[in-house]
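Quick setup: one chain, the form predicted on its own, written in structure tokens, and binding and motion questions come after.
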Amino acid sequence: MILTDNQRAVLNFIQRYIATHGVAPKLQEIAEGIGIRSRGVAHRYVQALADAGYLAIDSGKHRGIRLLRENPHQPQTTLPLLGKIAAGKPIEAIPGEDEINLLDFFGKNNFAVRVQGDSMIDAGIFDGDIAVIEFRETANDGDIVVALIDEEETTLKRFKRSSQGRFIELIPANKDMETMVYGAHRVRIQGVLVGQLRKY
């Protein structure tokens, strides 16, 4: 089946959304993401993609869209560049639609963010670097992670969980900065660093 431009846009949006958030978008989010107002039109695009075998719809389930196969309409040599992320004071990552050509780091669960700030310089991660992140919801002590704080702010830091699991430490790699400590319920892991790029 040959997809229309709008159907391809919906498929690309769903793929980016799942890579970023770990869950499927709602119909309203899909509509807004491709610049239309109608949930009904978005539903028709989603149903067409399901009929074509690209995704499945679990009708009784909240956010019940599942990708079934690779998206042939998104080049396999690129990663979505999803915005900037703080490596100093936490800021919200800003969604974007640029792409990074990155054959060596390509994976269907990977995405890229541009580092902003100098809190990770002792780990060799500098302002302006492209961090390649594998989407995961868990991390091991010592991993450098993308952490979502209070469902509002996203930051790149080294992860450590307290012995009883009640607190999370987000540790900068900069001797001039202090570790941030949060209750475990306030922190959600969105991914783990697997590589980086730097342009000189």
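Counting begins at 1, following the sequence as shown. Values in this document were obtained by computation on a predicted structure and should not be read as measured data. Basically, rigid core = biggest C-alpha set you can superpose within 1.5 Å across the two forms.
Not on display, but discussed next: the form predicted in complex with the DNA.
S.K.: Within 4.5 Å, heavy atoms only: does residue 38 come near the DNA in the predicted bound form?
M.R.: Answer yes; at least one heavy atom of residue 38 falls within 4.5 Å of the DNA in the predicted bound form.
S.K.: Taking 4.5 angstroms as the cut-off for heavy atoms, does residue 54 touch the DNA in the predicted bound form?
M.R.: Looking in the predicted bound form, residue contacts with the DNA do not include residue 54, since no heavy atom lies within 4.5 Å.
S.K.: Given that the partner is absent here, does residue 27 sit within 4.5 Å of the DNA in the predicted bound form, heavy atoms only?
M.R.: Result yes; residue 27 sits at the interface with the DNA in the predicted bound form.
S.K.: Under a 4.5 Å heavy atom criterion, is residue 62 part of the interface with the DNA in the predicted bound form?
M.R.: So residue 62 counts as contacting the DNA.
S.K.: Have a look at 151-159, 169-177, 41-49, 130-138 and name the one stretch with heavy atoms inside 4.5 Å of the DNA in the predicted bound form.
M.R.: That would be stretch 41-49.
S.K.: Taking the rigid core as the frame, does residue 192 move its C-alpha by 2 Å or more between the shown form and the other one?
M.R.: Moves: no, less than 2 Å.
S.K.: With both forms fit on the core, has residue 51 moved 2 Å or more by CA between the shown form and the other one?
M.R.: Yes: residue 51 shifts by at least 2 Å between the shown form and the other one.
S.K.: Quick check: residue 158 between the shown form and the other one - does its CA shift reach 2 Å or more after fitting the rigid core?
M.R.: It does not, since the residue 158 C-alpha is displaced less than 2 Å between the shown form and the other one after the core fit.
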